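Shown next as structure tokens: one chain only, the form predicted on its own.
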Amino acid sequence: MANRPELLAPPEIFYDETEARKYTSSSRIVEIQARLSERALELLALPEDDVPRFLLDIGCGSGLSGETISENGHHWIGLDISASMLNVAVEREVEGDLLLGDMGQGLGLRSGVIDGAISISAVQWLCNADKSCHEPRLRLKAFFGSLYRCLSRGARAVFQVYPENIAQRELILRQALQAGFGGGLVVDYPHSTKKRKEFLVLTCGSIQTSIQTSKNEHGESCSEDDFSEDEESGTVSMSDRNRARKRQKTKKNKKGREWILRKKEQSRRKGNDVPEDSKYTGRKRKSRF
């Protein structure tokens, strides 16, 4: 795990000018990025009506994923926290519009203007507290909440993620569901160590989702039944959930008569002067006008 970039430095520092050019010039990375972007677009399940959609690429970097979006005939806008990565994207003359920003602070986009969103290897960065003011849960909450607002009703968002552990996976999924999304996790090649890829597929709105598409080691599609063995082994390979219900707050009177009597007795043992107990001890006073 020592070679995970998110463990070495914050993204805006790790992806400096040298690292940004190195990342973009690697033929292996370009190939992997294109393959993952194609898979993300496939999971977006956009209508096949030859109408271009307006998509959001979160953590767009130097525009490698954006090129895949453009090749599929769609328009896009990219967001990234690394100015060096965006400078490389400008030099490469990518077709999408570029924004410099921190997704953990929310997306400053108008409500309902985005037809779909993808993200390749970016969301797990929010699970790290790179600054003293960073709280992963709150940053994920701000991100998913703003994403939910800017997506059109029924639109999908697909995130390819590399969670460090099960706790990170559950944290990301929990915050997404609490923001109002429906959906779950799709895992390609769940029994392979090297080929395994996780995609968080979310739907904006109260639409029921049934995510049954994945791939096995032979590149074939799998149904939901194919995941039972992997789930029993303790690995989260797929889930299909709706928006979590808000817990009703119940008022608990923690300072009732028994609590007051106990506190008075403790004070007496310390030698303090405490008023005698009476039938009025712990009784709630009537409110006055």
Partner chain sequence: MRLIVHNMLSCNIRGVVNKFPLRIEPEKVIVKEVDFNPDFLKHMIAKIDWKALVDGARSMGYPELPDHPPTTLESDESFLRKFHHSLLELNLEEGSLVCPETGRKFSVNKGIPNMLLHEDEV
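Residue numbers count along the first chain shown, from 1. Computed from a predicted structure; not experimentally measured. Just so we're on the same page, rigid core means the largest C-alpha set that superposes within 1.5 Å between forms.
This next part talks about the form predicted together with its partner chain, which is not shown.
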| property | result |
| --- | --- |
| Site test, F54, L100 and V113 vs its partner chain in the predicted complex, non-hydrogen atom cutoff 4.5 Å | yes |
| 4.5 angstroms heavy atom contact with its partner chain in the predicted complex for L86 | yes |
| H75 within 4.5 Å of its partner chain in the predicted complex, heavy atoms | yes |
| Contact of A167 with its partner chain in the predicted complex (heavy atom, 4.5 Å) | no |
| Non-hydrogen atom contact N128 with its partner chain in the predicted complex at 4.5 angstroms | no |
| Answer option from L185, C204, A122, I81, heavy atom within 4.5 Å of its partner chain in the predicted complex | I81 |
| Candidate stretches 185 to 193, 102 to 110, 158 to 166, 172 to 180 - the one whose heavy atoms come within 4.5 Å of its partner chain in the predicted complex | 102 to 110 |
| Core-aligned CA displacement of R269 at least 2 Å between the shown form and the other one | yes |
